[in-house]
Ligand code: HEC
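Given as structure tokens, the chain that follows is alone and in the form predicted on its own.
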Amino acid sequence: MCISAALFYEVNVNKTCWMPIILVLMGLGLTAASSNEPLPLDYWDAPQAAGKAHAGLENNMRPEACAQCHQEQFNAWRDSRHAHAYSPGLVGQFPAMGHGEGNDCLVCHAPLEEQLYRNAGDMNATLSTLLENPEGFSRDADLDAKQTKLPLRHVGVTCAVCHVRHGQRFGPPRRDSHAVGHLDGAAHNGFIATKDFEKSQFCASCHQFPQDYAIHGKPLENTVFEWQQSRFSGQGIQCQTCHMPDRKHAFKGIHDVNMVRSGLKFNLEKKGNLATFTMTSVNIGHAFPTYVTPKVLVKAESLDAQGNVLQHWQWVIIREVAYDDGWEEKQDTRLMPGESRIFVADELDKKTGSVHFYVDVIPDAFYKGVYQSLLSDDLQPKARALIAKALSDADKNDYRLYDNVLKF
């Protein structure tokens, strides 16, 4: 789920959703090299998938249809955050907002014209269908499954969102060729190959907010700019390099413990009567974490010979924002690409036999606060059920990133 619905929900003011700033990004052109066939400049303006060039399966925009030939991509996508972007925590807020503002949120969560709400009835009906179908697609890609009868919005950021406009397929050049432009093929009457699919700017429409909506000079989601300022940009390492390795469609990020561990380096040392823990961002091409929703806790405990806790330390890695007659940034303690941070357990008790360091990641920390606040209000029963599910799901996403003991 994106910040557009949760962060801009004015919890302490009027309980209405602020207009998602991502709308400003619609129409953002994709820079292309002269050897490339660029995407149309209006690719993200108001994307429409279906066209009249095909019939039957060829004109079916559901992911199960794509899976009939692209099973590997579907199998990776079905467990991704993209596949679950049309989430209970998002939809549970819509009755209080209205379907118009709901559609503003769908600009990133279910961006196709075919996925938008036509009216309030569309929106209200989805409360029941989402409760009955936590996943809006068939995991087995069964085209006869009941999920395939659901509105297309239930599949969130699906294949067609990125690859189909008016029935025409777009994608990166074939693996064995650098050819761009229209490439002939038996399926889909060919497709248009463009290197834009391999560039970070392709992700900007939803993962880079504009400067016009910044707090302390920094947009709330500033991922592409952070990448541009890092060594990764200069070395040609794109978002897709890490988040879609070998063109895999899993889109792993802060919710995946192995992904996060692969981006960080840890070092634990004893220095006299001090215990130091160093965390270095070595393979992360943006701030860690890049968004305002996660919270990372670094903790230390001094223990005696019997394992009793003598002392406790805690540090937080976060970009914390809050609303109080306007949005403000309370703190920003995130690690930038290449940065090392040293955490010190000092003035150790003389009984200390060991110091325990551990790191906990709470990917949906901000959302949890929003959901808890919403549940204290008078919600429609179905909206309440969706928000309660969202809170339960968010609690399951917490994990321990690091755990080690230093002997004294």
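The numbering used is simple: start at 1 and walk along the sequence shown. Because the structure is predicted, anything quoted here is derived from the model rather than measured.
The protein also exists as the form predicted in complex with the named molecule; that form is not presented, and the subsequent description refers to it.
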| item | value |
| --- | --- |
| The named molecule: the contacting residue among Leu297, Cys239, Leu150, Leu116 in the model of the complex [heavy atom, 4.5 Å] | Cys239 |
| Heavy atom within 4.5 Å of the named molecule in the model of the complex - residue from Ala275, Leu130, Ile284, Met279 | Ile284 |
| Answer range among 323-331, 298-306, 130-138, 88-96 for contact with the named molecule, defined in the model of the complex as heavy atoms within 4.5 Å | 88-96 |
| is_contact(Asp184, the named molecule) in the model of the complex, heavy atom dist at most 4.5 Å | yes |
| Contact of Gly253 with the named molecule in the model of the complex (heavy atom, 4.5 Å) | yes |
| 4.5 Å heavy atom contact, Leu57 and the named molecule in the model of the complex | yes |
| 4.5 Å heavy atom contact, His154 and the named molecule in the model of the complex | no |
| The named molecule in the model of the complex reached by all of His70, His243 and Thr290, non-hydrogen atom within 4.5 Å | yes |
| Partner contacts in the model of the complex for 192-207 (non-hydrogen atom within 4.5 angstroms of the named molecule) | Phe197, Glu198, Ser200, Phe202, Cys203, Ser205, Cys206, His207 |
